[in-house]
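One chain follows as structure tokens, the form predicted alone.
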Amino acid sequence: MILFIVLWVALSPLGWLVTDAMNMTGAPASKVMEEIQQTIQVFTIVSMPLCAFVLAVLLYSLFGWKHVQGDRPKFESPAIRTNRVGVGLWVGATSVLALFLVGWGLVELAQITANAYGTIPSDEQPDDEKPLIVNVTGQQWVWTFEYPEHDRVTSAQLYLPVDRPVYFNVTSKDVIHNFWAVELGVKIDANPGAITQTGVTPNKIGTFNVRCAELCGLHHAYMQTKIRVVDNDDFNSWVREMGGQKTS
């Protein structure tokens, strides 16, 4: 029990360290990513007691009986399967933990789906502000972003206005890719011959990352580009510089 408590206390900071590591590149930059980070932190924290208990049993068994000689230990430990208290505590604790994780996961999944607009068509989304439509195309080994409402301006980098809903139509020209806007919390397959759809609302100005999260060939690791989240005036200026027209 002493070893278990010591390990639990020692491992507890991982709940915050894991989100600090995610924040090193600027996350979260959307409400979706905030929900994802919160879920990761909570899941890490609530799993620490179970992790500490397993490690305590492992270490105690490893070092407590390492000097035993012969085929059998001198003293047999009591069988766990006949210990009603032990079995009851183990089944009860893990059941409560599993129910909590399932409940939390279902609630967060619904919240994230709502923030990403689910599968609602762009012209039926509930937000008062009209979303920006961006067509995302993956191919070995680059990303292309097209803005159909701005004279079909295309770019190798993803430019987005802050605090405006964005709706992505994602596809591929060759093999399966995965469009991963890291700090925005967007991650969806890019399939050849099909369009997958998702959305997000960037809420932080800055430079973020797009990567491919599906093994797609020799240069998969280099299939990445930048996201530039800017204010609305800067976005409209960029559209004009690219030869498009401001439409909102």
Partner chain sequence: MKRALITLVSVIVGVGIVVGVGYVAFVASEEPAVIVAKPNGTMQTPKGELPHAVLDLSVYPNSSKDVPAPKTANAIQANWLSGQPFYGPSTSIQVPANSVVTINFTQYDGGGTIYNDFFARVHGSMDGTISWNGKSVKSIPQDQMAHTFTVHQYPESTQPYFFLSVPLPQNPPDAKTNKAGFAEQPQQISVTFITGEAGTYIWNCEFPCGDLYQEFGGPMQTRGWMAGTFEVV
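Bear in mind the structure is a predicted one, so any value in this text is a computation, not a measurement. Numbering follows the first chain given and starts at 1.
There is another form of this protein, the form predicted in complex with its partner chain, and it is not shown here; the text below is about that form.
By the criterion of a heavy atom within 4.5 Å, residue 163 is excluded from the residues contacting its partner chain in the model of the complex. Taking non-hydrogen atoms only, residue 236 never approaches its partner chain to within 4.5 angstroms in the model of the complex. Residue contact check for residue 155: one or more of its heavy atoms lie within 4.5 Å of its partner chain in the model of the complex. Within 4.5 Å of any heavy atom of its partner chain in the model of the complex lies no heavy atom of residue 130. Scanning 138-165 for heavy atoms within 4.5 Å of its partner chain in the model of the complex gives 139, 140, 141, 142, 144, 154, 155, 156, 157 in sequence order.
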